[in-house]
Every structure is written in C-alpha cells, then in structure tokens.
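Below you will find one chain, with nothing else, as structure tokens; this is the form predicted on its own, and questions on how it binds or moves follow later.
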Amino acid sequence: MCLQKKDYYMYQAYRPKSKFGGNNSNYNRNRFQGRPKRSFGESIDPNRFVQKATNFNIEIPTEIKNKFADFKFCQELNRNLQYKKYEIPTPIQDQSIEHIMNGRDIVGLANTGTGKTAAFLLPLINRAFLNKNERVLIIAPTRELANQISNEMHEFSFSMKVFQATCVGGMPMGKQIQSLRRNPNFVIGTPGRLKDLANKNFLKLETFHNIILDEVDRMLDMGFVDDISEILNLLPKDRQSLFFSATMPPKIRVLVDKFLVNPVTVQIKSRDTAENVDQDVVRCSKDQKLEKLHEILSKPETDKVLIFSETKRDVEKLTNDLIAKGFRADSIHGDKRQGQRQRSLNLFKTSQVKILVATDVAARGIDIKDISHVINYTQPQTYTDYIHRIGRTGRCGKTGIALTFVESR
C-alpha cells in the first residue's frame, strides 16, 4: 500500500489539489451547504461498536420462491440477465418484482447490499421495453447512488433501446437538459437538481407515471423532505410509487400514508448490524490517533480501506497526512466537484489507490465489493449512520472488518 519515494511524488503531482482548507473564506462559507446542521448526535455506548462476525455465509433466512426465468420478462431482458449470470433473485427481488409488474405500490425495507436496485429496475425496464411511452423517475439522495443506479440500468438494458438521463448536482446542467430533450424513458437524479430542472420547465413531472424513491430514510436525514413532497405533488395522481429504505422512521410513514395507495410492504431485514462484519474499537488518545491509524494501515491484511471522518476539512487534512506517510490515498466529500468525486471513486474501485477518506456522503451509494476495512476515524453522529458506514464492507458473502476510534481521556 505504501509508495516508493519516486512514485509518491508522481502520484502527488497527479492527484488534483483541493481548493479547500487553510483560511479559504469561500470554503468556510460553503462547507455546510447542502447538508442539514446536526448540533448533537446520539451518545453511543462504544460497546455497540464491538461484535464478532457470525456465520457470514448464511443468507437472510427467507425462502426464495422464484427464479428470474419465472417472472416472464421479455426475451431481451432475460438475455442480459443470463449474460450477468443472474439466476436466483435475492429475497427483496423475489418478493417485490411480481408486485411491481402488477402495478402495485411498494414499501421495500431491506438493508444495504440486498439487491434493492435490481428489484425495481428489472420490472420497469421490462415495462418500458414493451411500451416506449412509459416514463420512470428515480430519486436518490446522493450523486454516487444516482450514478450507481444509472450504471446498473445500463447493464440490465443493454441493446434494448430503453434510454435514460442522469441529472445530479455538481455536473453541467446543459448536458442534462440535452438528455432530457431526447425524452428518455428513465430519469435518475438527486432531489435538488430534479427540482431545479422542473422549475425551469425542462423536466415535465406530469409525464411520469412511475416514481421510485431509493434510500428514503437517507433523503430525509439530508433535509430533502420538502423537495420530495413538492415533486410528488406535481406527479400524476394515477401512478405507481415505490419507496425503498433501510428503516421506517415516522416521517417516512407520513409520506407513505399521503402519497402511496394501498401499498404492499416487503420487509427483508437481518439484524441491525451486519452479521458478516467483525467490529471492534481502537482506544487511544487524540495525540496518538494518526500514528495508530498508520500502524493499522501498514498491516498486510488492510487491503482496501474506507475511512470516515466527520468534516470536509478533516477529510482533506487526513488524506494529505496519509499521502505524506507514503500511502496511496484519496478523498471524497460534498465540496468536491462531481468529476473529482467520480475520479476518486474510480481510482479506489480499480485499486489505483488503496485508501479512500470520506465524509458520510459515501456511507450510501458506494457499491465496491472488495473493501476489506471500514475505519471510523471519528465516531458517527448516530448509530444508524454507523450501520450505513460499516455496510460498505463484508459484502457478497465476504467477511469485513470495521474499526471505530474511541478517544481515551
């Protein structure tokens, strides 16, 4: 994971310099834009961060009743599924797809990594292929999740002439407007950008008869409830609505009661912590944290590591400290332009960098299957945030490791 001195200077020159940090007044003024203020988090007992992985090869104990071939998808979609070697659906897919194909509203509750994206994409791609006038709006809380959904859709709909537009903040609006003018079947985006496009009359919300809200709980945590409600109010009354979430807090129940019609609730839940993630704490003083992190990252088993820190400034400082110590590291946070964020993710995904330091913007919407460790360099604000962070490791039947730094006094 460490760089030779020559390679380190080459990499440091290649890595784009952040415009944030120091006494930059623009950074200080904008650092919290787009993120709701959280004055105080939960007081979390550190013992909740300690848990051994248990029988990680055991799947969620839910009977699978169907194969993908049983859903009567069109031949073209079945061909793409066969190419991807999709034969047996996950529980959320098994229990949701038939209801969606029958036009029912759905509330899908499932943990991260359980296949929710394919559960709503597959039946709607099939519908759009059979009826080219079908239009689908998919709303995600972060650019990363929206891009992930877009990528999965591209693979599922390959050569089917079912078109999409991705509309997220941080990217040029002009290109997105051009994509919308082609009247795509699917529009995938984040709430703020979709609302802006609708207000400018580039996005005709009244033409969408299918709406999917993915990671609804995260969108509410980020303060998007008013934007979501405004968008839902502008959609046709006669529509199919699909809400997918890991949890069902009261605010989501209010949205469900207001906007969904006789919904089917599909709940696929394991325990509130990942059973295949080995969790532990690292106790040290504040002055010892960086050296202790250096020690952990130098171990050969720390192959690909996602590190969480609370603020954008701290993320940049920690990343620079790690690079200075010879580690291949990069960062991702809300103040980076979308192109920078995507480039950092691609470097991490392809193992050109082995360490990605992030704020909670990366806690959802990153689907990288071989992350060996998640390290909470700062404790999360809530236990729910903790669950979403550690859900980035221990995926696809592998055991992951989650370490949380707890400062001793």
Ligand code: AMP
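A quick note: this is a predicted structure, and the numbers were derived from the prediction, not measured. All residue numbers refer to positions in the sequence shown, first residue = 1.
One more form of this protein, predicted together with adenosine monophosphate, exists but is not displayed; see below.
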Note to self: For the interface check, one of 180-188, 314-322, 115-123, 299-307 should have non-hydrogen atoms within 4.5 Å of adenosine monophosphate in the predicted complex; which one?
What the structure shows: 115-123
Check: Ok, Met173, Val261, Ile88, Leu234: which has a heavy atom sitting within 4.5 Å of adenosine monophosphate in the predicted complex?
Finding: Ile88
Item checked: Interface residue in the predicted complex among Asp227, Glu98, Asp105, Glu152, criterion: non-hydrogen atom within 4.5 angstroms of adenosine monophosphate -> Glu152
Check: Counting only non-hydrogen atoms and a 4.5 angstroms cut-off, does Lys369 reach adenosine monophosphate in the predicted complex?
Finding: yes
Notebook entry, point to check: At the 4.5 Å heavy atom threshold, is Gln93 in contact with adenosine monophosphate in the predicted complex?
Noted result: yes
Next item on the list: Determine whether any heavy atom of Phe68 comes within 4.5 Å of a heavy atom of adenosine monophosphate in the predicted complex, and answer yes or no.
Entry: yes
Notebook entry, point to check: Is Asn111 close enough to touch adenosine monophosphate in the predicted complex, meaning at least one heavy atom pair within 4.5 Å?
Noted result: yes
